[in-house]
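Listed next as structure tokens is one chain, alone, in the form predicted on its own.
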Amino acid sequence: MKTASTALICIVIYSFLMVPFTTYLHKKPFVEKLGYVPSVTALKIVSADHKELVAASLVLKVLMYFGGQVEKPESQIHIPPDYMAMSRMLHGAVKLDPYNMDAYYFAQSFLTWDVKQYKMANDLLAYGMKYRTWDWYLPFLAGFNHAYFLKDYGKAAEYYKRAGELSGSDLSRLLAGRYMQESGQTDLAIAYLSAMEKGERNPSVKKNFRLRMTAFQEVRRIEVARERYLAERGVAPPSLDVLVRDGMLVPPPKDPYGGEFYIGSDGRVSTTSKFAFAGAGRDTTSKESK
């Protein structure tokens, strides 16, 4: 009887201790890391005849890491993703298997928007075009980078022309002729993101494209309201609040990245979040000083 009572007391004490301990472990803050990967030279030697499989595993590793950043658990410490490590891993993947399409598409999604490494993104796309000669997406993406980010409309037209020839797409053909001038950049961003979102298979990356497209759709609403104000009043609106107050911008725009939209002194629509994933690189400078 005494033994049974002792066992019961032990069970009660164990439960008393383990329940809060288990709860603590579940809620304990942590940082998700991408981890170490050997050099491409070492991987080529080790992978032997399985380079495509190793390359696919590297891309999957990056996608899983990125998915964990998009869908952050409450207990995860919020720090900017390690974009450069992601880039190195994807570059290594295409060196092992230059035909891996996911590496090119995903690298494009963050190297341009989040890291601002346009040349690195374009070099990777150019590398892919040497092998994926049928893939119209690669010149389409390169054309977008040259038009939207680099303002090199002649080069953009060349890439869009190539994309149109490969795909038979009217959109690419129209872009080839249209984006040799600077107007319509927000429309270009929305068209690009829409195409990327529809063609993406990974749910996390698809969500990221949709989020950014939503942000640019809000920018476009502000631009339309700004042009209407200018047409009706003969002067540019002094602030975004005026457009809301005068009923030209209903409902008020909302930045899905958590920032605040504003109209800069040059008339361009911007946001304090800088359209940055997870708030990385958020602009803390006051809007009035811009």
Partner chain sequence: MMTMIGITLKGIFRDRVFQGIMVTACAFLLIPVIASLSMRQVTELSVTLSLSLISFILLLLSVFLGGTSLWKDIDRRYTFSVLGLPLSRQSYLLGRFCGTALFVMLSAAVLGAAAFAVVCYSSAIYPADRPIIWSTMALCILFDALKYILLIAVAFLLSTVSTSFFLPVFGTIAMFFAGGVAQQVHEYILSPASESISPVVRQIANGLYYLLPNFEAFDLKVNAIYGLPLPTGGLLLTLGYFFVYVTFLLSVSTAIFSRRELR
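Positions refer to the first chain, counted from 1. If you're wondering where the values come from, they're calculated on a predicted model, not measured in any experiment.
Heads up, the form predicted together with its partner chain isn't pictured, but that's what we're talking about next.
> 228-236, 254-262, 241-249, 58-66: which one contacts its partner chain in the predicted complex at 4.5 Å, heavy atom to heavy atom?
Stretch with heavy atoms near the partner: 58-66.
> Establish, in the predicted complex, whether 46, 99 and 106 all lie within 4.5 Å of its partner chain, using non-hydrogen atoms for the distance.
Checking in the predicted complex: 46, 99 and 106 are all within 4.5 Å of its partner chain.
> Please tell me whether any heavy atom belonging to residue 119 falls inside 4.5 Å of a heavy atom of its partner chain, as the geometry stands in the predicted complex.
Judged by the heavy-atom cut-off of 4.5 Å, residue 119 is well away from its partner chain in the predicted complex.
> So in the predicted complex, does any heavy atom of residue 151 sit within 4.5 Å of its partner chain?
No, residue 151 sits far enough from its partner chain in the predicted complex that none of its heavy atoms falls within 4.5 Å.
> Please determine whether residue 196 contacts its partner chain in the predicted complex, using a 4.5 Å cut-off between heavy atoms.
Yes.
> Evaluate residue 53 for contact with its partner chain in the predicted complex, applying a 4.5 angstroms cut-off between non-hydrogen atoms, and reply yes or no.
Taking the distances in the predicted complex, the answer for residue 53 is yes, it comes within 4.5 Å of its partner chain.
> Just one of 89, 205, 219, 111 has a heavy atom within 4.5 Å of its partner chain in the predicted complex. Which one?
Only one option qualifies, and that one is 205.
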